[in-house]
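Single chain ahead, written as C-alpha cells, the form predicted on its own.
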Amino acid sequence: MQLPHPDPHDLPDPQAAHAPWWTHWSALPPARRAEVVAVARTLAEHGYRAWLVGGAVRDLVLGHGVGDLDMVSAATPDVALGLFPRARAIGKSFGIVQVDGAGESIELATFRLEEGYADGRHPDRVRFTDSLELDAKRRDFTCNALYFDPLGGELADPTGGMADLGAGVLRTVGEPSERFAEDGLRLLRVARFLARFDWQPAPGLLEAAYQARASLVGVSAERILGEFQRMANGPHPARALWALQQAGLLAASFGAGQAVDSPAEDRRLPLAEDLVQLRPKFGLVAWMVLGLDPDWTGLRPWSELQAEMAAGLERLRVPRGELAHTLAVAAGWRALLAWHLPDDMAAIVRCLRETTGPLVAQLAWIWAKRYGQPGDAERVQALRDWFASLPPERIRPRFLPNGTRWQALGVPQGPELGRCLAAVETAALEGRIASEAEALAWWSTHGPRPT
C-alpha cells in the first residue's frame, strides 16, 4: 500500500509569521513535498503532530537544495509501523522507522531523550517523550534543531538556531564538550559545516573541540573518511582544513606523529587556499596530501615520510587505488621541485604523464611560489610548459619493442628484461631514439649482450 499523494498545490495556508520560510518550503520539488505532507497527514489523523526536522529545515531556510528528509513526532515506533504498511524499523530502539512512499523514503523518528555515551557514538539509554523541546536538547548544533510543520507552516526553534543562521555562526546545542563526548564525529562536522556554509565558529567552539579531540579515537575509519570526502568536495575546503588544524583534529584523524606545535606556522593553510583557486574541485587526493604532511617543508626524505603517510591512509581504510594515487602525488610534488632539464627529462615525463601529473605539477608550483627560492616557481612552470609542448610519441613512445619482442631477441625474462625496457624508454623520452630500428640499434651499442 502506497502513501496517499495529495495535490502538492492543495496545501494549507502558512501562518503569517512564518510566510518567508513557507516560500522556501514551496521551492522544494512538488513530489518531495507531497511525500512529507502525506506522512504528516496520516499522523495528524491519529492525533500526532509531525515535523520536518534537522538539516532539511536548515537548508530550506537557507534556500539551499535539500538532501534527506527526516521527520519526527510523538508517535512511537510501534505506532508508526502500524500506521504505515510500507514502513520498517531501521533503529527501533532509537525510535526510528523508515517510511517508503512512491518516490523516496523518509526517516520518521520519535521525540526522545538520550543518556550516556559509553562508546562515544550510541546512547546507553533512550527514553521516548512527547516534548519537542526535550528532543531538541539532544541534537548537535542549533542549526540542526529546527522543526517545521508541513501542514500548518509553523517553524519551531527551541535552541535559537534561526538567530545563529542569520549571524552565520555555528553553535552546539548546550555545552560543546557534552555534544562532542556523545559522538566524536561531531568534531569533524564542525569543520564540514564551517566550510560548507562559510560560517564562523561560536566563541569557544574550536577550543572545546581541541579539548575533546580524543573523542575521535572511537569513531570508525569509514565515517572519518566520509567526512573528509564531503569537506574536500565542498565549496570552501580551505576553511575546513583551517578548522581541523585549529582544533588539532588532523593528528587525531590520521594517527600519531602528525601534530603541529604552532598553528601559526602550518604551511598547509595558504597552500590549500591557493589550490582551491586553481581547481574547481579540491579533490580528496589533494586533501589527503595536505592533511598528511604537517608543515609541507618538503625537507624530510621521502623514504621517512612515506611510511607515516601510508599508515595514516591505511588507518582511514582508504581504498587501495586511492592510497597509491595519494602516495604518488605526495612523492611526485617533492621530486618535481628537485628536477631540472635536461638532466631529469625522462623522470619528469614519467611523472607528469600519469593521472596524478596535473595535480603534482600544481602542488609543486604552489609550494615553489609560496616557499621556494627565487626562480623556483618559474622553473616549475617551465617544466609544465615544456611537457605540454611534447608530441604524444615523446610522452608515450608506441614504437618501442615490447617485452615479447625483446625476449625474441634473447633478453631473458626477469630483472634484466625490466632494465632493458626502462633503459630504452628513457632514451626515447629523452629524444635520443624515435623508432624501433633506432631502439634496437641503441640497445646493441649500450645494452648488455642478449644471451
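Start at 1 with the first residue shown and count on from there. Remember, predicted model here, so these are calculated numbers, not experimental data.
The next section is about a form of this same protein that is not shown, the form predicted together with adenosine-5'-triphosphate.
- Figure note: of the listed segments 352-360, 241-249, 322-330, 193-201, the one touching adenosine-5'-triphosphate in the model of the complex, with heavy atoms no more than 4.5 Å away, is 193-201.
- Using a 4.5 angstroms threshold between heavy atoms, E425 stays clear of adenosine-5'-triphosphate in the model of the complex.
- Proximity of E416 to adenosine-5'-triphosphate in the model of the complex: non-hydrogen atoms within 4.5 Å are absent; the residue sits far from the partner.
- Using a 4.5 angstroms limit between non-hydrogen atoms, R230 touches adenosine-5'-triphosphate in the model of the complex.
- Although the partner is absent from this view, R379 stays clear of adenosine-5'-triphosphate in the model of the complex, with no non-hydrogen atom inside 4.5 angstroms.
- With the partner removed from view, the residue among R334, R189, H236, R213 that has a non-hydrogen atom within 4.5 Å of adenosine-5'-triphosphate in the model of the complex turns out to be R189.
- Contacts to adenosine-5'-triphosphate in the model of the complex (heavy atom within 4.5 Å) from stretch 167-183: D183 only.
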